[in-house]
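Just the one chain here, the form predicted on its own, laid out as structure tokens.
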């Protein structure tokens, strides 16, 4: 169920390297949020933004009525948001979109592939899976970025006890290379597995193509621009394969029918 509310900021931590974690009191959204869903946020301030921006839910605590988002302050909206203090209010609409659903096969390995700020929804997924009784070692998180300072939520993933593999383009942390390089090795290890991915479009294209070629089920969370987040403005339309249509594809809204899709259906 979607909610529109004004939440009070309970904590706002500077994580370093322009990364921030904001915790907000938002009981209705915290109760209903699921891994992979997102919020549309707006704050008020001098010269503040006029339009909402989407943020994935990092984690939610239904009992406490709180939720958290992790973001990188690198544009006008997020730089302004980073100046908000504890006690300030922020307007939220959510949870929005669909969610990740874990592979139910008992022997399956779960390969969570994150690129940069694509890490938060996958942390929420890993956290919920561990809480639901999935063996932490059945979950392998492949967390990648261009360099060490751009990796997101690494310590949070490690604290869950899951297998963590980091990759960086420049080799400053973990494996030098891309998440697709590590994913290829994880798939080659054999056994049933499923992949779940969130990150920049070129990364998702590479991950999705690799999984389709290997016959591995893969769900990708698209980072498309979402002006409204409510399925009204049609600003986030993507193409999905559909042989029943004359053009061979359907147009769908990533904010409404997504943002999570089967990688084999996405036309990149």
Partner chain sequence: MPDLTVSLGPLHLKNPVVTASGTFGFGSEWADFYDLSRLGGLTTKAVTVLPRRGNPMPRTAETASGMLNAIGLQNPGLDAFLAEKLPYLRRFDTAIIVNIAADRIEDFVALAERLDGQPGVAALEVNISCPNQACGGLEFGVDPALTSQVIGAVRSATALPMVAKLTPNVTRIADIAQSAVDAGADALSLVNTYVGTAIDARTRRFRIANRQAGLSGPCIKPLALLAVWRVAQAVKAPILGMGGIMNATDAVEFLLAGASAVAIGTANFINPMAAVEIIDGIEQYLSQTGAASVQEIIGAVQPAI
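Positions refer to the first chain, counted from 1. All values reported here derive from a predicted model rather than from experimental measurement.
There is another form of this protein, the form predicted together with its partner chain, and it is not shown here; the text below is about that form.
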* Structure fact -> its partner chain in the predicted complex has a heavy atom of only one listed residue within 4.5 Å, and of 44, 64, 214, 232 that residue is 232
* Asked: Considering 160, 84, 93, 73, which brings a non-hydrogen atom within 4.5 Å of its partner chain in the predicted complex?
  -> 93
* Does residue 251 reach its partner chain in the predicted complex, with heavy atoms at most 4.5 Å apart? -> yes
* Given that the partner is absent here, does residue 68 sit within 4.5 Å of its partner chain in the predicted complex, heavy atoms only? -> no
* its partner chain contact in the predicted complex: residue 236, any heavy atom under 4.5 Å -> yes
* To do: Please run the contact check for residue 31 against its partner chain in the predicted complex: heavy atoms, 4.5 angstroms, yes or no?
  => no
* its partner chain isn't shown here, but in the predicted complex, which of 202 to 210, 56 to 64, 236 to 244, 22 to 30 has heavy atoms within 4.5 Å of it? -> 236 to 244
* To do: Could you list the residues in 1 to 19 that come within 4.5 Å of its partner chain in the predicted complex, counting only heavy atoms and keeping sequence order?
  => 1, 2, 3, 4
